[in-house]
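First, one chain by itself in structure tokens, the form predicted on its own.
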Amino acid sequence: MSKEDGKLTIREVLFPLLTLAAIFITVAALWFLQRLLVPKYQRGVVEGSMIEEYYDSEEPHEVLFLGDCEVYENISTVALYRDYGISSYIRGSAQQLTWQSYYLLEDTLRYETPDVVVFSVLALKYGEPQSESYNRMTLDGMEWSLSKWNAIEASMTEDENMIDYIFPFLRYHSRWSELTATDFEHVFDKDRVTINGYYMRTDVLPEGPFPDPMPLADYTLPETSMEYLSRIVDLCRENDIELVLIKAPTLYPHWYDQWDEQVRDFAAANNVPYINYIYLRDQIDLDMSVDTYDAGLHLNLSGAEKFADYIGQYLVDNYDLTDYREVPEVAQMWQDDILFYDELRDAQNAELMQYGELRSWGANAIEN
């Protein structure tokens, strides 16, 4: 067909439509492949799913916890609600570095402003990026914003680059041989792995003897981590947020007295409370023959509920927090969380009884 009176030929009409269709199909295929190939963190090491779960939480959170496993494994958010009506969230991740905590706080402020932020100080010992694997478990789950961009720039090791974070397909395109049924099952959605950031374990492995701490050549906490701690203080003040610094009651990895002294001096200079719960294990009523699942590194469910009860009392005694058990619409949301919490506890206990032995707590590599 030829042009007549300005009319287009069929080819001239179809060509751009086919081109657009080809582009759309190519982009959709690449998007699907990326979703398929990125790790799902649904089995074994599930910590890579934690950060992204925050964006699905609908409750208001007056208390925000930041840090590594010393918060997300040691404090039961449901116990805080059940005992005190505190609505909280733990934005925790494996080996979360101090600058990552800062940018996660920035990110959180895009959605809500908590009344109290509780920061775990163990990560202050790290002054440099540590590993891509841990970076990915924190950074991949953040929604894109300037905070995520800055967090990536501050966290990348020498072998990492920004383009792999922007397009994860470039980093994970070689995972074909590692794909499992889990990858296909969770291409479009994931199972929930925490309760408002709390990672539950019900098994028991009593606290054992720890190796003697190695002497350090220099006990000075790194300048970078202390600088970001100062930025956390400033960000909280700018937003009228109360900040609390804590050291969890677990004894390993070792927390040196010299580090403790530096944090106490920092807290005093900046007029923020610092509580080292190592010295309060008896008051918390921890029994580390039954309150830990991995020989004392982290608390199990019974230990996390005891610690939550103790820290919850401190929070309600010192800050004007809402009792959300008395707010019907929020209480209903928490009832859904409690239901999941109780079902997860019962399922883990049933599994322990079924197999008659403790599950392995240490994964050797990141699984899907």
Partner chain sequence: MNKKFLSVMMASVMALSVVACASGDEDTAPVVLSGGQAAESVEGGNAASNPGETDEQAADAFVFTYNGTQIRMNAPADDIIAALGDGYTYFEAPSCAYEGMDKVYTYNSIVVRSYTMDGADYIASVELKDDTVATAEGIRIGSTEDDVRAAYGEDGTPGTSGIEYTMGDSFISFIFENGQVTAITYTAIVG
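Positions refer to the first chain, counted from 1. Note that this is a predicted model, so its numbers are computed, not measured.
Separately, the form predicted together with its partner chain exists; it is not shown, and the next lines address it.
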Which listed residue (M137, V78, I246, M142) meets the criterion of a heavy atom within 4.5 Å of its partner chain in the predicted bound form?
M137
Assert contact residue (its partner chain, in the predicted bound form, non-hydrogen atom within 4.5 Å, options L235, L280, I166, L216) equals L216
Given that the partner is absent here, does Q332 sit within 4.5 Å of its partner chain in the predicted bound form, heavy atoms only?
no
Report yes if any heavy atom of T220 sits within 4.5 Å of a heavy atom of its partner chain in the predicted bound form; otherwise report no.
yes
Given that the partner is absent here, does L321 sit within 4.5 Å of its partner chain in the predicted bound form, heavy atoms only?
no
Find out whether any non-hydrogen atom of P39 is located within 4.5 angstroms of its partner chain in the predicted bound form, and reply yes or no.
yes
Within 4.5 Å of its partner chain in the predicted bound form, counting heavy atoms only, one of 107 to 115, 173 to 181, 144 to 152, 267 to 275 shows up; tell me which.
173 to 181
Could you pull out the residues of 106 to 134 that have any heavy atom within 4.5 Å of its partner chain in the predicted bound form?
E132, S133, Y134
